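First, one chain by itself: the form predicted alone, in structure tokens.
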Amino acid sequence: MRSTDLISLAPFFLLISGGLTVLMLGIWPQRVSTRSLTAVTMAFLLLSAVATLFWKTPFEMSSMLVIDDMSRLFTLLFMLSAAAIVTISYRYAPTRNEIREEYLSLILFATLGMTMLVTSRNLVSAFVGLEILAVPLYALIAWKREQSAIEGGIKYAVLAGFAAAFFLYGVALAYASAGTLDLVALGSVTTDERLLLSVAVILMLVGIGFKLALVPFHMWAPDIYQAAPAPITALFASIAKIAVLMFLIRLLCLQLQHIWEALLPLLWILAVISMIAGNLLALHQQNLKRLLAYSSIAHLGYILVALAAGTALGRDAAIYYALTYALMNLGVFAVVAAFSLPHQDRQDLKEYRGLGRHYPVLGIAMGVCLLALAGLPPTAGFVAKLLAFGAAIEAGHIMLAIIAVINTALAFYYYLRILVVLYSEEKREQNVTQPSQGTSAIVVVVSLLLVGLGTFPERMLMIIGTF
């Protein structure tokens, strides 16, 4: 194996070694403290992030993985976000005594799955990455010893099985149509083979739709958002979804452009029904985590608005929106974790009344993330929506852009409702564990990134334009 191969595979080796090392430390004869296990996990994640910076792009590994600027950017995002989630988990009150080697190891392996997905250039490696990501999530969702958490884990496992079946059926049809599973080779199929390949991509899109909780594959989202611990909700609501989305963008927009053009009407329909259903279902929700689950469905609809444009601008807008989406959700759920009660997350909106006044750092960070989700300037959420809707208008999809703008206005109501409750003057008992310095630092950094990307988006758009 060449030295360049070893450098390119270093992040993968480090994540695998980290997961196994943490597990071995857990069964060490002398008990290793949770603090030490957390420190080891953080070290492997940060070393993987540093190794990612040494990737030479573009670079292909055995026609299975491709290292390019897009995979490097999002792999770095996954590593740093996973480190943030580990930091949040360390002081997360409901599971503080249950954070041991298994929990931390599962986060490392889930990050490995995300990295494989975003670097895949073959449907086999993509499926392996999808499953490496999905299996740890089954256990992490059901981590709390509660009936609702166990039910959530089982529900996600069952639906993930259906998603995997659809995806594999699509992979089989793709092989039948072209005799290869390489994405580059699939992009050069003849006209006669494109019909069967289009059917294959639609089946894979069904599997991906389950992972992204697109309508009509969204049934699992609110229950599992509610059941999972807040740090794990942050994991699969932000970076796990984005890993799947980036594979979809690589598959359709970078390799199978002819199939992308053929599926534009389907993407148009999925965008409309996801936006409308997500926002209407979120409108009267009193449970914050369920509200954010329905909100995430709407945001995936906005990303599909950009993809439905079928242009390079639409692709770039979708990538920028994906990056912004990950940051917004990471920030929101970090604050939810910090505001947790000793034995469970705060669920009802009324339980957050006045917390923004009592905890100004968390309150301001929550405000910035909610304004970004609503799409207000000067946050990155505003730029993301502007790019997505602008791409739709440039492509001639005026009605789609109008529907998206109406849905954005509709979403203002429930985001501002959260802020009103958060900064209410009503006084009540504030039974909140004092947030750690690590969690406070994370929410501050995320808030600054959202404002920075919204105020100066040019540099990031320039990077995305090279993909």
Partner chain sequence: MYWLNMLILLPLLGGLLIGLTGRNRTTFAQWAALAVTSAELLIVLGLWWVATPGANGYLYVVRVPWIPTMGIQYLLGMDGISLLLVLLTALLGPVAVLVSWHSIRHNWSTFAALILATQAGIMGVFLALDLVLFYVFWELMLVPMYFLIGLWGHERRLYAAYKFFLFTVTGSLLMLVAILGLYFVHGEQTGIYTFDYFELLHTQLPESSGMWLMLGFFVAFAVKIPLFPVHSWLPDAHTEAPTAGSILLAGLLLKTGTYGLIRFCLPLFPEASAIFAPVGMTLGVIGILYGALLALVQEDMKRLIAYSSISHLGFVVFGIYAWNLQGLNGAVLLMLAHGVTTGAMFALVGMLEERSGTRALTHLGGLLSPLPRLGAMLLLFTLSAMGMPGLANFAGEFLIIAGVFQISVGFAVAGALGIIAGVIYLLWMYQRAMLGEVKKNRAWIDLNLRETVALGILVIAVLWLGLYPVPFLDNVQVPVATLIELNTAAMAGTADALH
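Numbering follows the first chain given and starts at 1. This one's a predicted model, so the numbers in the text were calculated from it and none came from an experiment.
Here the subject shifts to the form predicted together with the partner chain, a form of this protein not shown in this document.
This chain lacks the partner; the member of L386, L254, L80, A93 within 4.5 angstroms of the partner chain in the predicted complex by a non-hydrogen atom is L386.
The contact residue chosen from L76, V272, L376, I249 relative to the partner chain in the predicted complex is L376, the criterion being a non-hydrogen atom within 4.5 angstroms. With the partner chain omitted here, the record of contacts in the predicted complex names 411-419 of 411-419, 41-49, 436-444, 66-74, defined by a heavy atom within 4.5 Å. Of the heavy atoms in V184, none are within 4.5 Å of the partner chain in the predicted complex. At the 4.5 Å threshold, heavy atoms of G354 stay clear of the partner chain in the predicted complex, well away from it. Heavy atoms of G390 reach within 4.5 Å of the partner chain in the predicted complex, making it an interface residue. Under a 4.5 angstroms non-hydrogen atom cutoff, the partner chain in the predicted complex lacks V32 among its neighbouring residues. Residues of 118-142 include none with a non-hydrogen atom no more than 4.5 angstroms from the partner chain in the predicted complex.
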